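Shown here is one chain on its own, the form predicted on its own, set out as structure tokens.
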């Protein structure tokens, strides 16, 4: 009897890093379940199916417990265990904290922190019970520094980065591995959605999404604890460890303050 194809769940897969992660899973023989809260997820699925393999779609708002439950129940209905979970869904938000709409702030916190935490709680419990599985969580080097003019986003990524290392430690005596991918600025629609296109960080050259995804995928397959994608980002991460927070905040201001874009 042929061995069943392994299953990978990828959130935030309609574009960018998530789409590239789903593509890598298919190329490595996984069936995939992809999720996003936008209708673009169907277009992404149509493109991914051209690679072969099975691509199932769950359009759900993962900033809500109901959306996470919807995804979990859809995966459970397949009757097959999840071998890989890629918690990639996230949202950015630029501009000064006091000038942001609080509904937008809440959305970022609910998706990046609450939804991601609940997603991991639901899926990784099953992995622990089976004593098998790989988890890739998309954090960011933004979580290593105070994010002036991205204060809420950076704070949520600080949570994600820290949480990933803690969860990995709690699972160290199991065969479940947790890897946090910590990219720097990546060539996706993140900066447009986050209203950062009039900033230096929004207009500077960025790392291609497929390169970031490949780095993260390979680190996950090795069972590494983390992956900072790109040499310059590795240097920035190292510098963040020895630079006072007030200086990091000022450095970030020069990247993310509205009106700093290069023309």
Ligand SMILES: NC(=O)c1ccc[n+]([C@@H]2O[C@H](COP(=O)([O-])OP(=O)(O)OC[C@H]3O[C@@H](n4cnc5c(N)ncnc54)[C@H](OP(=O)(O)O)[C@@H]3O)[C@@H](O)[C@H]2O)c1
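Residue numbers count along the first chain shown, from 1. Worth saying up front: this structure is predicted, and the values here are computed from it rather than measured.
The following text describes the form predicted in complex with this ligand, which does not appear among the structures shown.
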Three residues, 12, 184 and 189; all within 4.5 Å of this ligand in the model of the complex via heavy atoms?
yes
Partner absent here, but in the model of the complex, which of 22-30, 35-43, 222-230, 48-56 has residues with a heavy atom within 4.5 Å of this ligand?
35-43
Residue (of 151, 84, 111, 127) lying close to this ligand in the model of the complex, criterion heavy atoms within 4.5 Å:
111
Just checking whether residue 198 would be counted as a contact of this ligand in the model of the complex - the rule being heavy atoms within 4.5 angstroms.
no
Please run the contact check for residue 180 against this ligand in the model of the complex: heavy atoms, 4.5 angstroms, yes or no?
no
Report whether the minimum heavy atom distance between residue 139 and this ligand in the model of the complex is within 4.5 Å.
yes
Looking in the model of the complex, any heavy atom of residue 61 within 4.5 Å of this ligand?
yes
Restricting to 87-114, the residues within 4.5 Å of this ligand in the model of the complex through any heavy atom are 88, 89, 90, 91, 111
